[in-house]
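Just the one chain here, laid out as structure tokens, in the form predicted alone.
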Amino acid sequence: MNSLIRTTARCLRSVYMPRQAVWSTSARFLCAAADLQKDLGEMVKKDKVVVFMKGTPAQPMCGFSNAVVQILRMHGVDDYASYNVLEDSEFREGVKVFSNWPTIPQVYFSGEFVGGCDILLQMHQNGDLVEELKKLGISSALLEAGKESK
């Protein structure tokens, strides 16, 4: 994060025109990008589970986003924040920069980046997802179903 701030400050110094006291278009864009990164930092910490996806949980717009929704649903995780990155291309690119991850969907647990569809699927398959949900205070529905069948 400090490198982002240093880079933004350096860029602002190079594009600000003191004689005219006018901000260039690129300076305004950099400030907006810095604000977006700050907002994203707050967004991922606001809820226990946050998903940046294409579409919505009710209507995913890509197979990978749908897979993430289905995995969470299998575990009984219905109460999570989801953000549709298709609504704004700058937002979509900002999400990728924020996580330093090139693809969507992206999943966060308690403000920490977990990964995308492939990582969540792997965690589901090897049982790590049940443990991670437990750390969040969420009891997996799959764990509960296993207890009932015994």
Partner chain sequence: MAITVDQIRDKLIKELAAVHVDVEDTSPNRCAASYKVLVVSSQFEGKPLLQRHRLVNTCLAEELKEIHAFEQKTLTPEQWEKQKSQ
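Just so we're clear, the structure is a prediction, and the values are computed from it rather than from any experiment. Numbering follows the first chain given and starts at 1.
The form predicted together with its partner chain exists for this protein as well; it is not shown, and the discussion that follows is about that form.
- Within this chain, Ser99 lines the site of its partner chain in the predicted complex, having a heavy atom no more than 4.5 Å away.
- Put simply, Tyr83 is far from its partner chain in the predicted complex: not one heavy atom of it is within 4.5 Å.
- Interface residue remark: Phe109 is not counted as part of the site for its partner chain in the predicted complex, having no heavy atom within 4.5 Å.
- Using a 4.5 angstroms threshold between heavy atoms, Lys48 stays clear of its partner chain in the predicted complex.
- If you take 111 to 135 and check each residue for a heavy atom within 4.5 Å of its partner chain in the predicted complex, you get Phe113, Val114, Gly115, Asp118, Ile119, Gln122, in sequence order.
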